[in-house]
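What follows is one chain in structure tokens, specifically the form predicted on its own.
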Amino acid sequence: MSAQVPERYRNDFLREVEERVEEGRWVKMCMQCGVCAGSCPFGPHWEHSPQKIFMMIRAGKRAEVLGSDSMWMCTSCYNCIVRCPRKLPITHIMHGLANYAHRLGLAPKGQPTREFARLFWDNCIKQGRANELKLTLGLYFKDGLAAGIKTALAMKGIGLGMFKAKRINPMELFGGHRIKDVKGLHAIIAKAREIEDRRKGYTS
């Protein structure tokens, strides 16, 4: 008869990550070498480096991990995956953790990368493609009118250059380009969310 694992030694968070986070099953394979942290361009700026995040998951520190802004620091350069001795899909796990924390409502508020991701997603799904002008204005004015005007004035030189190079079209304020079947895209996204929620059982 197999021995029962004492309750205090069980790690429900590791099991949760394995079941509900993209590529989460690989977390327990990390050998804590630190190559990922040393390879990351943002390495010195992480609150918790990837291998530390993995260690915290294995230690059951759910609130500390899901409330951290560390996963949102990943820029998908893939240096960590290329250099990891065990070829762990670190980038995918970081994005998976960020998405999971966001879906649970536990991700930190006001984190710049998270705010950009949210604005970019909302921008794209409205018409099926990015509206660069509205996305830019959304970023400038996300902290209020005064902050938006200040940022716009500071960036006016770049904005004028992009306008002259026809990289910004003022008419995009009134619609811009869209795909043919926007309603179909929205239906696909809604169905994908329904399937993901049912499969992974998202609950806070």
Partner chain sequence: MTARVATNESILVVGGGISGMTAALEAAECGRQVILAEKTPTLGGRTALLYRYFPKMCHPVCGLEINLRRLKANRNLRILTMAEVVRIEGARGDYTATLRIAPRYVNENCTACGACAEAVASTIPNPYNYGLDRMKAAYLPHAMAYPQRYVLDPSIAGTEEGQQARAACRYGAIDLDMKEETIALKVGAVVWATGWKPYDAAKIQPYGYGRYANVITSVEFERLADPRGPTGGAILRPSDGKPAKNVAFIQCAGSRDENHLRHCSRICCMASLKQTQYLREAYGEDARSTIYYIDIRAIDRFEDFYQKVQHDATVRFVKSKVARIAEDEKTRNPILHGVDTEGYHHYATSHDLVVLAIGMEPEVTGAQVPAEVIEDSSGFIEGAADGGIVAAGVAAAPLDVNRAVQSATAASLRAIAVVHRAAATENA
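Note that the coordinates shown come from a computational prediction; the quantities given were computed from them, not determined experimentally. Numbering follows the first chain given and starts at 1.
The same protein has a further form, the form predicted in complex with the partner chain, not shown here; the description that follows concerns it.
Among residues of the shown chain, G38 is one whose heavy atoms approach the partner chain to within 4.5 Å in the predicted complex. In the predicted complex, P85 approaches the partner chain with a heavy atom inside 4.5 Å. In the predicted complex, at least one heavy atom of M31 sits within 4.5 Å of the partner chain. Within this chain, G175 is remote from the site of the partner chain in the predicted complex, having no heavy atom within 4.5 Å. Taking the partner chain as positioned in the predicted complex, none of the residues of 126-144 brings a heavy atom within 4.5 Å of it.
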